[in-house]
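Quick heads-up: it's one chain on its own, the form predicted on its own, in structure tokens.
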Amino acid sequence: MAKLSAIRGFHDSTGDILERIERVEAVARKTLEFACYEPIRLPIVEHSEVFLRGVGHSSDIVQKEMYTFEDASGRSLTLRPEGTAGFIRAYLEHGLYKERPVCKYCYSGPMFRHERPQKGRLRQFHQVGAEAMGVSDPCLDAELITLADRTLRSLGLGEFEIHLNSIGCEACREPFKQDLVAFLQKNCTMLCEDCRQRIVLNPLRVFDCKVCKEAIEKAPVMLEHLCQECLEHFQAVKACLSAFGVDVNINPRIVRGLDYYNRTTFEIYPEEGGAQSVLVAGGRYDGLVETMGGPPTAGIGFALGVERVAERLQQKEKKPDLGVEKPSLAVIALGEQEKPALCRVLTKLWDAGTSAMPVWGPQGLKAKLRFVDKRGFRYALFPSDAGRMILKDMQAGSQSEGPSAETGWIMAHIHTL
């Protein structure tokens, strides 16, 4: 029988890796919800049309990266490759734009793209997303970027750069595209096969190409072609970011890989950069709701790559501070006759909101204490020979003794030691 293994590009997560992933998600959600972004849960499977209309036919995602299949009824379904299109589908389906014209939501979960697996790029990966609808004010652009900045700083990632650009609106983008296409056609022999196709499909996407950087080094950029309204919007975004105390680098070559973006786009990199190092990315998408069948609605959002940020945490060897003190208590069972009493103690601890994990099994006290220490528990609780309970501080090496039937003394000690 063949050995069973995970699919290439789909990883299991356990131990320290999973802990970092969950901490990244928790800190990101806490930051967003503290700023009044409501949580929403979205399905991981959508009708394929959601992404064909939302993400855009010319994007790499739609052209070659989607996991698309037919269900038993012959309908074309797709595992979500990104979060925004599915969010807009929910936004329209449930009439959220009617009940609250201005709304802010956040979500997290797995995304799926059929790409070549490599460092920083998986076929199943996780994102935390934020979407703000109904406001075109440039201060909202700055707010989203600031929240992304605060999330990374709360995680202990102080060494990163925010790259900011504007890709204008349809009015100023069309004349720019003509200039860009003329440049690309003149230099097409220096472009890769994908970029030669992009000349027709979406010429702005050549700025995303990692192969053609030298070939497009002297290409015209959108910032030099902004209309007056887009220029004023971009200048206001920069002014608001300055007021928020957020430093940015102006990068005229950021366009993002999805068709729905307009005006503000941004990406956040670790200082040393790298092809697959983008930690957070997003931008404004004022025409997307209309494209997907809704009324004209302003919108902006970002996605944070959970695995990439967790990997950076591992490299920095820092754990984010969630701002909540949770005592880590292991309750060790030794003899069969003591187990009912320990079950009652555990129930009381959990009812009191104290984090505690029972340690069952036939091993002796020394072996179980080694296990508790290796798992990083701060405290271990176990019965004494005299029928009482011993609470050991694994960090300090000190211990206290108290009555087995009461939990008040336990909580008093774990909160004060």
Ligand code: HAM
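Remember, it's a predicted structure, so these values are computed and weren't measured experimentally. Residues carry their position along the shown sequence, with the first being 1.
This protein has a second form, the form predicted in complex with the named molecule, left out of what is shown; the following refers to that one.
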Item to complete: Could you spot which one of A130, V237, I167, A148 gets a heavy atom to within 4.5 Å of the named molecule in the predicted bound form?
Response: A130
Worksheet item: Which residue among A142, L342, L223, V278 has a heavy atom within 4.5 angstroms of the named molecule in the predicted bound form?
Response: V278
Discussion item. At 4.5 Å by heavy atoms, is each residue in G83, R121 and A303 next to the named molecule in the predicted bound form?
Written reply: yes
Item to complete: With heavy atoms only and a cut-off of 4.5 Å, decide whether E115 touches the named molecule in the predicted bound form.
Response: yes
Worksheet item: Quick one: does Y285 come within 4.5 Å of the named molecule in the predicted bound form, counting heavy atoms only?
Response: yes
Worksheet item: Would Y97 count as a contact of the named molecule in the predicted bound form, using a 4.5 angstroms cut-off between non-hydrogen atoms?
Response: no
Worksheet item: Closest heavy atom of Y261 to the named molecule in the predicted bound form, within 4.5 Å or not?
Response: yes
Item to complete: Mind telling me which stretch in 242 to 250, 194 to 202, 215 to 223, 121 to 129 gets its heavy atoms within 4.5 Å of the named molecule in the predicted bound form?
Response: 121 to 129
